[in-house]
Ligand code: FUL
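Taking the form predicted on its own, here's one chain by itself in structure tokens.
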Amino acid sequence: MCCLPVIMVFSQSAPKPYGPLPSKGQLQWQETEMYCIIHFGPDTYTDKEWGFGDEDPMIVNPTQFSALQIVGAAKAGGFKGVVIVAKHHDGFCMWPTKTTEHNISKSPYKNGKGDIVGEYRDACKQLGMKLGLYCSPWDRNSPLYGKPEYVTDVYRKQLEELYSNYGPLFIVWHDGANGGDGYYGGTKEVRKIDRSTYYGWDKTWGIARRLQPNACIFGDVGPDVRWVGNEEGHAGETSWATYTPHAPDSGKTPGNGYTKDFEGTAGHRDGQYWMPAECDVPFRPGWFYHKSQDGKAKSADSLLNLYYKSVGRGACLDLGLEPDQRGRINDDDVSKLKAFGDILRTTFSHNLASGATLKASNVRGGNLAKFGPAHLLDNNRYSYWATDDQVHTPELVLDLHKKTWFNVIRLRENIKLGQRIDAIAIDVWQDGKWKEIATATSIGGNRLIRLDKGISTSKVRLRITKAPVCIALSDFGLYKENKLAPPVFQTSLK
């Protein structure tokens, strides 16, 4: 009796998702990559960072306010959205709210008919920018702060107004500054609250879920986007999109947005929730405009370094912009933003791997059309190269057909299937053999590897060195920072 050949049959179906998965809003947030949070209000005129709550609305009188100029400056910088500080801790509302007299309608701006938040909304629509809102839960002006009535009759009603009238929103933003000394209607006292319970987060965040279902909710630890743990604009070199909050201050179960022990910079490989990091940092030294800080905005090169350490590590970069007392971004700041945006546009306008021949050590089910490596070079962020279930550490070779100089490598996973890859290595063909030039961890929605020195080679190899499941890689790009001259940075790796 002769032996029959053994026929291996591999799966033609998509890989099973791994771990927590992003929502539609979180996917849209990831695609945004960079946005600006804009602080403008009474503090702009008092030269403070935190107002006490007793500021006279009459001081808020921008003579040349232009939401188009402000949002346009962000767009020129390559940012895709803005988060407007509709109310800071001083309690002054930048829209004509019905919840308090402490608002823009009591200022001289447009004879009390102004609506700063509305002007930002209109500018975003005109310029094709995403809009987010921040309404501080702490209110140093309100006489009701610290009482239940503040939450039910003031704060939540403010959120209702904002989320109903100024959408669509891509993010609603919250920070951790809550309680302390304040004006509080003239009492001028210290009021402390338990920030984990006072605001009734389930009901409060439920307003956003109901009125802006595709908006991510940002807080210290989520629930949708976590704070990275610093205001320096960078994530950890390893930064997982998943996270498990520790028990919060009140001792209740995780998920209410605040925690004693914070590990947001790196996240958790086996985190319970999909909760990627936002990296926030002011453009100038302060979050609000101060004339003494004119000329001190970060340079284009500084912003570029932050870009690689935030967006390049799977997070989003949130840069603070500071309009001046006129209601405009300072000319020097505008120039630096545009210079930064120009670098990004020229660097990432062309994938140098386009036209390469790709050879993978394994393709799921042998189905090149559905799971082949050619998907790495298309413009679809969610088409992908996948391997068979038992293949966790495949290799891929890009034959560029000619010597090509680059100094940036981009990798992305199809995060609709989870964060699947722990670690990778990159090799180049030099002197008749492969030489390792870079390694990286936690690929996720975006991983940028910026080489210390550029490299010229005709072949590049990607090795997946660690993964708990089969891979689903969606992007492999090679790029050149055009502000760098190849002869200066070229190396043979000898």
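Residue numbers run from 1 along the displayed sequence. All figures in this text were calculated on a predicted structure; none of them were measured in a lab.
Keep in mind that the form predicted together with the named molecule is missing from the display, and what follows is about it.
> Out of the stretches listed (302-310, 170-178, 141-149, 367-375), which one is close to the named molecule in the predicted bound form, meaning heavy atoms within 4.5 Å?
Looking at the other structure, the answer is 170-178.
> Could you tell me if His88 has a non-hydrogen atom within 4.5 Å of the named molecule in the predicted bound form?
Flag for His88 set to yes.
> Taking any heavy atom pair closer than or equal to 4.5 Å as contact, tell me whether Arg447 reaches the named molecule in the predicted bound form.
Contact check for Arg447: no, nothing within 4.5 Å of the named molecule in the predicted bound form.
> Wondering, does Glu161 line up within 4.5 Å of the named molecule in the predicted bound form on heavy atoms?
The answer is no: Glu161 has no heavy atom within 4.5 Å of the named molecule.
> So in the predicted bound form, does Trp429 come within 4.5 Å of the named molecule, heavy atom to heavy atom?
Trp429 lies outside the contact set for the named molecule.
> Between the options Glu237, Asp389, Glu263, Glu231, which residue brings a heavy atom to within 4.5 Å of the named molecule in the predicted bound form?
Contact with the named molecule in the predicted bound form is made by Glu231 alone.
> Heavy atom within 4.5 Å of the named molecule in the predicted bound form: which of Asp115, Asp224, Glu322, Asp280?
After the contact test, the surviving option is Asp280.
> Even though the named molecule is not shown here, does it sit in the predicted bound form so that His39, Trp50 and Trp287 each have a heavy atom within 4.5 Å?
Every residue of the spot touches the named molecule in the predicted bound form.
> Which residues, if any, of 121-145 lie within 4.5 Å of the named molecule in the predicted bound form when only heavy atoms count?
Contacts from 121-145: just Tyr134.
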